[in-house]
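Read the single chain below, which is given as structure tokens and is the form predicted on its own.
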Amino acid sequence: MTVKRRRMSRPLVIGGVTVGGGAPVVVQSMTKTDTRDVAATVRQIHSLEDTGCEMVRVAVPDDQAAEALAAIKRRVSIPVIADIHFDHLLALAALKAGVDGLRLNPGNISRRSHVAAVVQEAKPRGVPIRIGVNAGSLPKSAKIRASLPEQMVEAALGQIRLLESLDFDLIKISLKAFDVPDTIAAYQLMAKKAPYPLHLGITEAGLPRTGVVRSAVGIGVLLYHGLGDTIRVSLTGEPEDEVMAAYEILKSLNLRERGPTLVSCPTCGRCEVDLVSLAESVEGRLSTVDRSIKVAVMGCVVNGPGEARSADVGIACGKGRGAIFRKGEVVRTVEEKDFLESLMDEVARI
């Protein structure tokens, strides 16, 4: 069964990166540094870019942070999106600093005159605006009797109507909640209401162990049903982990390929080697490999190659000896002490 046909949204170009319109799903993250610290923020953006991040959002809590954006922009190459809350004047300052995109929260920036002032500066620059709806900060006008997904969608539609009335359509939409079913329902409803690109995410998903699961379920379901043009995995942790998790979600649905994929068996009573340590070592060594390659680490010599037939290369481990295989065919056997290096040698050959 394949992923359902993607919803054809209206394309946007954000700092040279195409979002929507059938373009590949874009991976985003957000810096966790103090934006006022230019050097630290630039270092983190460079690290994110090395990990595969294609657009980055930065918090702009005050005038000093807004002033730092110009210096940050000069020193990075991926698009920078300014995250604005409460004060539309910060959005104006961010635009003058040269940001590639804005995120506005309709829960705290919705006055027509304020939005109009932002549009007046964004439109001639060709800078898109993401309407970023959060379940925890909905407009006061939200209909109390409506369901949470309905309230989120109505908040987005209200902002869409406002922007369109100002002759502005460089729009991207997100509708994020902690609750996965509510988030899925909101995006599914929104997809029927407007043609704009959708940025997917589960907000405040938590620490990596649980946050990755929550994000993978929510984002994965939406992607499987053809929804979503950009994604961010929001974790209480390093932003590079967010990017790697995002690519794993995309790879699991055959939507994007970047870097290696490690296939490893869960182990059972048949396993006679320390497969966990071997798999962890292989994962560490693969972190420096750029090519999209599937590598298997299996704990059973008898079934390993067959179970991991789709892997480009792998090892099936038995007590004292293991079999190196390619596409399910054994090519040689090696001693247990040579498991790691022999497998990595085979990866290097490919």
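Just count from 1 along the sequence shown to find any residue number. None of the values given here were measured: they were computed from a predicted structure.
The discussion below concerns the form predicted together with a further copy of the same chain, not included here.
Picking from 69 to 77, 123 to 131, 190 to 198, 264 to 272 the stretch near a further copy of the same chain in the predicted complex, with a 4.5 Å limit on heavy atoms, gives 264 to 272.
Scanning 119, 95, 212, 171 against a further copy of the same chain in the predicted complex with a 4.5 Å heavy atom cut-off leaves one residue, 212. Taken together, the three residues 207, 235 and 242 all come within 4.5 Å of a further copy of the same chain in the predicted complex, as judged by their closest heavy atom.
The closest heavy atom approach of residue 258 to a further copy of the same chain in the predicted complex falls outside 4.5 Å. Within 4.5 Å of any heavy atom of a further copy of the same chain in the predicted complex lies no heavy atom of residue 113. None of the heavy atoms of residue 162 is located within 4.5 Å of a further copy of the same chain in the predicted complex. In the predicted complex, a further copy of the same chain sits within 4.5 Å of a heavy atom of residue 83.
Contacts between 214 to 234 and a further copy of the same chain, taken as any heavy atom within 4.5 Å in the predicted complex, involve 214, 216, 217, 220, 221, 224, 225, 232, 234.
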